[in-house]
Structure formats: structure tokens, C-alpha cells
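A single chain, nothing else alongside it, follows as C-alpha cells in the form predicted alone.
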Amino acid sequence: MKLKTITAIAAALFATTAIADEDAELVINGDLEIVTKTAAPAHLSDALDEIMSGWRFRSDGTQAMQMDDFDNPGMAAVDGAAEAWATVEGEKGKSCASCHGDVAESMVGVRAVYPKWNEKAGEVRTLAMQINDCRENQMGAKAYGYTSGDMAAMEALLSVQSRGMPVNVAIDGPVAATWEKGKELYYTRFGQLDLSCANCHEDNYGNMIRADHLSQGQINGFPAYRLKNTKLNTVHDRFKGCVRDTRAETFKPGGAEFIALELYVASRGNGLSVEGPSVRN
């Protein structure tokens, strides 16, 4: 089948029917107000006027699950990670709490600024990279698998401490080259379907593709509990699935390509609230 024909088929999948209330407001546990729609950051001014959390594109039932921690299935992983935080592991006889103390006091605001530059390592680090650095070098413990359930749970625990705070990921200074690489990847077409991230999440958000209501692909809600696979999913899990859905060879979670893409996509959500663990389809 010729590439133009495949592209035409892919384009035909997009429709204009909405299935969710895009004007709904997210308040968690009756008192924590979450910004799910705001003006786009300056670096997106040529593409979007406003940015919206994926929560706004979900059905009423799915939205409701995230509005109460008791109903949010992702919170079970948070409880498990809280136990892991205080558990001694590794040859150095330390836990996360040994260095950082109480997670609720020490980790406030952390999730909101990742990925970020690590001056000592001389690299852009995702939150997952930093978690594993602590485990290996501070605790002498085995690293978590990059997209494992343990990693997703620990990221969720840290996200909860910043819930409601605005995403504020830096894009200049030493991260600029990585950010530019991520931007290039975002607009690059991949696979037999010849689709880029932007084709779905910038050009067609609000439309339908098969049975899914396309969002802007914001990652302020990650890790996300997906009803589709009944587990907490990391950002690189989702990236891998998206690239695979274009019928392309995907990149490695934790690899340079997805680190750059995470930095860029995270910055597209600057101004939205941290809301993980979120609930998605």
C-alpha cells in the first residue's frame, strides 16, 4: 500500500465528535483545585492559544474517578510507595527517608520541575533517572526498571506531594539543546502511518480517532492509571505505545530520544497543575 494511501486512511480516522465536557473543572477531594486549562506558555504561542489537561477529554465517569482519592485506583500504588520510601534497602543500609526525611515535607515541588538539568552529572535528568541515582549511589540498592510498577509507584508518590502546583520546566540554559531535540522529535513523522505527535495532539485534539477522544497529550498527570491496561503507566510507557501505534520501531524507555521528548512535552504543559496519579482511558 502506498504511503499516501496509508496517510489518507489515518486522516480519515479523525472525526469531530466530542464525548467529554471540556469545560469541566477538576477539584480533588472537594478542596484541591487543579488547573486543567490555562494560557499556553510563550514558546507555544505560534501553535496553541491555551493548553488543557488530558482530564478534560475523558468521560464523566473517568473524570469522577480522579476527583476522589478513594476512587482513584492509582492511589493504591502511592500507598505502596510510601512504605517503600521508609524501607531500608541496599548495602548501605539506607531508605529514601534516611536522606530526605518525610516525603510530604522534602518532596514538595520536585515533580513540577522535572525533567531538569543536573549540574553534577552534566545531563538532563528525568525524575525516574534521579530516583535510580539515589537508589544505586546513595542506598547501594538495585535500580528500578525504568517503566516498572515500582518506578511508576514512586513517581506517583512524589507527584502527589506537588499536586496542584504549576508545572514549571526550564527550557533554556544547559537544557536548551536537549529541548530542541525533543521538539524536533515531536514534529517528526514516524511509521507506516506517517504520523507525528503533533498530528494527533496539536492538529486534532478534541477529535476522535477510533474510540478515543484525542487530548493535547499533556503529561502533567503522569504517572497515569489507564483503565485500558489496569495499571499505573509512566511517561515513557506512553511514548513507547504512541510510537508503536504509528507502526514504527520505537525508542528505548530511558534512552536519549525519550528523555528529550519528555523534556519538550513537559514544557508544553507549563502552567497546568501537577495532578498525578491521574486516571485515563
Partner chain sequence: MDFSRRDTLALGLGAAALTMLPFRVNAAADDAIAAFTGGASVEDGGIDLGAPEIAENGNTVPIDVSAPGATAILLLAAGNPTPGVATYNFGELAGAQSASTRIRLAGTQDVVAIAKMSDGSFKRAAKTVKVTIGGCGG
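Numbering follows the first chain given and starts at 1. The shown structure was predicted, so the numbers you read here are calculated from the model rather than taken from an experiment.
Beyond what is shown, the protein has a form predicted together with the partner chain; the following relates to that form.
- For the three residues Ser59, Asp71 and Arg244, a heavy atom within 4.5 Å of the partner chain turns up in the predicted complex in every case.
- Although the partner is absent here, Lys228 lies within 4.5 Å of the partner chain in the predicted complex, judged by heavy atoms.
- The partner chain is not drawn, but in the predicted complex it has a heavy atom within 4.5 Å of Ile209.
- Using a 4.5 angstroms threshold between heavy atoms, Ile28 stays clear of the partner chain in the predicted complex.
- Using a 4.5 angstroms limit between non-hydrogen atoms, Lys37 is distant from the partner chain in the predicted complex.
- In summary, among the residues Leu44, Met52, Ala248, Met65, the only one with a non-hydrogen atom within 4.5 Å of the partner chain in the predicted complex is Met65.
- Contact with the partner chain, judged by heavy atoms within 4.5 Å in the predicted complex, is confined among 44 to 52, 236 to 244, 216 to 224, 251 to 259 to 236 to 244.
- Heavy atoms closer than or equal to 4.5 Å to the partner chain in the predicted complex belong, across 155 to 189, to no residue whatsoever.
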